[in-house]
Ligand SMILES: Cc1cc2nc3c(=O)[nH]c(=O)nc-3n(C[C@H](O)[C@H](O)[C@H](O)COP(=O)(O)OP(=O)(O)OC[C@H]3O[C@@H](n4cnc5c(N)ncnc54)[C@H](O)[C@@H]3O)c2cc1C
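Coming up is one lone chain in structure tokens, specifically the form predicted alone.
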Amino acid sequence: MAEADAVIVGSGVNGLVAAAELALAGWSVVLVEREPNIGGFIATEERTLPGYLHDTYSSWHPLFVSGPAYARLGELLHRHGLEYRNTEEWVTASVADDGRVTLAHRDPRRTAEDFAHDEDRAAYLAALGRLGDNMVAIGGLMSGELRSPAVFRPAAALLRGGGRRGVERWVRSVATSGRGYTRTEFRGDEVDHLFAPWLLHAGLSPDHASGAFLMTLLAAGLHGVGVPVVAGGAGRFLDAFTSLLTTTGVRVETGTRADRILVEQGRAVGVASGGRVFRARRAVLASVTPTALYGTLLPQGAVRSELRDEARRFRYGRAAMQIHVALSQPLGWRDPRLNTIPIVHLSDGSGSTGIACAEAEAGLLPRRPTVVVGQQYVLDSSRVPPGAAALWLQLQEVPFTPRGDSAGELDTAQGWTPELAQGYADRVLNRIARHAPDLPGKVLAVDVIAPPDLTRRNPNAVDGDPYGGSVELDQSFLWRPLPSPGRHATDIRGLWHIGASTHPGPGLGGVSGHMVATTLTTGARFARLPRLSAGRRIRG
């Protein structure tokens, strides 16, 4: 039997952050991970051909480098080998079916210069300015316990900054969809074209509430910190954490499935795995879904039946896919400006992305999926052989259990067979080829990761949802992870819930792990995000 101050279940980014911060505060820590390797949805593999390093799942780190976990651990991680590659130029673009291209630059003014209407340029810069002026307060809300007295500090700061009308404006943005926001605030379609597809990265669709708030936050993040990727692949991020955890004495137990959380006299006292027990003197942190925590890990009778019922009704969102492509040479886009842009979305904006989301949520394979085209090699050439290239493709609008194909071309009767996955990948590659006609002649190998593969890799990706559960408004903010608790401290003393299923939700930021570690080691009830303005720059 092992014993430590804290036992952490799950080694995704939140588990890693919590383990590191607790250990740096002098706690002894055991980190329990089901898989043979740490990282959750962080990995780098030669999935196609030797010499091609693909970030298997997540890749981009703007949320991490702009958040409180990086503020606490960044310098240490860099000492342990972490390096980032980034750009100070054009960071993202959207390409419509008719070939129309809209681009975003690190400089928001350069971005706005290409808008067709003067009033849209002014409205865009004003929105970023309001966010920058209030970022400390908003950061306090996004990185703090919303059901604690400490929430009054950032709320009061918001009130001082903009008065009652200013606060109402922020609340209204949380209740407004991205489509509604761009229709209301902008005459042209550039902002919608650029940032409606980015809402998919937050688990939303253009028609979900809170899209207005997140659209501005995402835009500010791209201008402020860019799209940093880890030099040599995201796996190097894990190497740096492994080195840091080793030097701080964290005991990492991989290949160890948590079977149940031990509860004695209303307090969490450890984790059982097979015939092994890991005792926790002070805290157990579980980076799992509410379904797993309240459905299988906790013993019957440990929590109120109402909580178990809420966990049973916790909803999961759309599934996702990853496609990795090894190329003999970089793509030749019809619009040559796209040749050096790290992230390109194939989307008409809210129109096509909204339709694809609706099709996926109806159980259909979208006819015109939004394609996230990652060109990490333009930032980090070490990932591919000299002169070669690779594509990191993400599809965030697919059903876990397909009931049909919107285009009427693919047979879905047997679910996600290898043939269906390859057929859908061909549709995606054909969409790219419309805008980069030389693609077919440069493809050397393709690797497809279907929704069931995501679930097999990470049990938190229930039904292929990589975001730990639907992030619609009723499952976000005050109501994440569940309506009753709405916080990271559970009803069981010493048991803390972290991960994408908890506030502030999904994304490779490590915020919930940082929040809980901060609370446990300092007693603070919220952690402040660093100020992020439209002019802020973080370089690799």
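One rule holds for the numbers: they count along the sequence shown, beginning at 1. It should be emphasised that the depicted structure is a prediction, and the values quoted were computed from it without experimental measurement.
From this point on, the text means the form predicted together with the ligand, which you will not see here.
S.K.: Mark T353 yes when one of its heavy atoms lies within 4.5 Å of a heavy atom of the ligand in the predicted bound form, and no otherwise.
M.R.: Flag for T353 set to no.
S.K.: Using a 4.5 Å heavy atom cut-off, state whether V13 contacts the ligand in the predicted bound form.
M.R.: V13: contacts the ligand in the predicted bound form.
S.K.: Would A258 sit within 4.5 Å of the ligand in the predicted bound form, counting heavy atoms only?
M.R.: The answer is yes: A258 has a heavy atom within 4.5 Å of the ligand.
S.K.: With heavy atoms only and a cut-off of 4.5 Å, decide whether A500 touches the ligand in the predicted bound form.
M.R.: Yes, A500 lies within 4.5 Å of the ligand in the predicted bound form.
S.K.: Any idea which of 487-495, 37-45, 471-479, 66-74 reaches within 4.5 Å of the ligand in the predicted bound form, heavy atoms considered?
M.R.: In short, 37-45.
S.K.: Quick one: of P342, P466, G226, P206, which gets a non-hydrogen atom within 4.5 angstroms of the ligand in the predicted bound form?
M.R.: Only one option qualifies, and that one is P466.
S.K.: Which of these residues, T176, T216, T182, Q394, gets a heavy atom within 4.5 Å of the ligand in the predicted bound form?
M.R.: Filtering the options by heavy-atom distance leaves Q394.
S.K.: Would you give me the residues of 267-289 that have any heavy atom within 4.5 Å of the ligand in the predicted bound form, in order from first to last?
M.R.: Sequence-ordered list: S287, V288.
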